[in-house]
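In the structure tokens that follow, the same protein chain appears in two forms, which are kept apart as structure 1 and structure 2.
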Structure 1
């Protein structure tokens, strides 16, 4: 039997979206390959996930242990290397998430199976595994061939596959695995979670967001965009480098490691459109981008684009908006 193994990811008692995105892709591949989809979930108390996972899998493997209360890649590696050695799945899918980035490379190296990371598509062609991934901040896509192997591993980028609930549900068999962990010596120990700092501005509640990226060049230019945001009755948000430099507080960051926003208007100024950023603003109703690079990936996620120096646009735009507002009052 050919098998596709999917590592279910969960945090705070919830299965994460990436789990279903991977399962959807696995089901899609399995129908072409005549494969079985097997999901595996590790945790202290994961039985409650089983019915949902069973809808998307032919088999569900539950591995419960108090040690798995918090994610620890060392423990996951111990369990998964045993399971993969025994099962020899054709393909193992893991999310390209904080957890997957910590786990997959080391797991693959220890098992000596080839790994392709951060993939946005996966196909088998003439017995070869071909993956699509991005390079250079999303400016090019690459199709890559994975070295021939009996078993492969792929980490999947979040938001790459639209979840489709199989109908009828697959009704997978639920099995509990007991894997002895006494011998495992932990060299890395979980201490605690740190939530994002409280307070600040809630950009997720805003209808209008003016968002800036590294194109803003200098901290001294921030008042300029603050004024524009004020004229529009919106809030100011930004990409990660702006927070890294300390120009705006972290509660303003849009993206995978920041906030997810869905405003009526997202005005992107000097933002290249790396995927980590896109994941946080993709749901916006209207996206208008200003970037001097006509090839900037952000344009592929925009309704309207302006190829121009943002410093030439902002003052005129603010002036015209103020005019309209003044006329209304």
Structure 2
């Protein structure tokens, strides 16, 4: 049986979005390859994750051990190398995150299987693995054929695939694995998790985002949009050119080199819609765009689009919002 193995990543008691992105892609590939999707989760007190993973998997492998309370690549490598040697999956998917960047290269080397990193797409053609990566800051997409092998490993860039819950759920069986770890030599130990310094606003947690691009024209116009965002109960975000100009801090940037967001409402003002930006916001529930250019790519990813000067739209929109709020008060 052909199998695709997905390493479930979790932090702070929650499964991370990259896990479901990889499982979505694995399901898509499995339908074409006639493969079985297997997810594996390692940790302490992680049984509660298993039912959710089972919805996206044909099998869920559960490895519980107090040693796995915090991520340690020495321990992960020991367990995964044993599992991969036994299962011999056609493909192993690991997130291109701080965890995966540390783990995947040494794991692939120990198993002597080819590794493709930081991929935004994966497919099989004529029994060969084809991966897509970005180069030159996302300006060029490159498709590469990975050397022939019985098994492959790929790290997946976050935000590359939209999560789609299978309907009906796959309802995979849950299997607990007991793997002795007493003889594993730990070369590193966990001290503490240090979160990135706060920038005042976490755009990844916002339900409403008002995002600006080159169409804002000048830094002096940003307060106008920020006021609109506050009226909506949202936060202000931006594209890379705005950060490059120093008009907003990097923690406000949406896109490949910024953050991936999934708000309930994404209001894009003066944003053309480069591929790099789209990858960071395409998971939004509702996208409304305003741009003077009717051919702007952003409209292809929007639920509603307005072809107009954003400086004509913002005052009217702000006025209408204030009227609605006044009536409710």
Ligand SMILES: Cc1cc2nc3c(=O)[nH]c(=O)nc-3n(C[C@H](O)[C@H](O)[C@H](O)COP(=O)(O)OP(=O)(O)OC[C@H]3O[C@@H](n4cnc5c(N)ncnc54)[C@H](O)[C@@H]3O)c2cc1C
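Residue numbers count along the first chain shown, from 1. Definition used throughout: the rigid core is the maximal C-alpha set that superposes within 1.5 Å between two forms. What you see is a predicted model; the values in this text were computed from it and never measured.
S.K.: Would you check which of the pair is the form predicted in complex with the ligand?
M.R.: Structure 1.
S.K.: Residue 103: after superposing the rigid core, is there a C-alpha shift of 2 Å or more between structures 1 and 2?
M.R.: After core superposition, the displacement of the residue 103 C-alpha between structures 1 and 2 stays below 2 Å, so no.
S.K.: Take the rigid core as the frame of reference and indicate whether the C-alpha of residue 69 shifts by 2 Å or more between structures 1 and 2.
M.R.: Residue 69: C-alpha displaced by less than 2 Å between structures 1 and 2.
S.K.: Rigid core aligned, does the Cα position of residue 266 differ by 2 Å or more between structures 1 and 2?
M.R.: It does, since the residue 266 C-alpha is displaced 2 Å or more between structures 1 and 2 after the core fit.
S.K.: Check the Cα of residue 224 between structures 1 and 2 on a core superposition and give its shift in Å.
M.R.: Looking at the C-alpha of residue 224 between structures 1 and 2, the offset is 16.8 Å.
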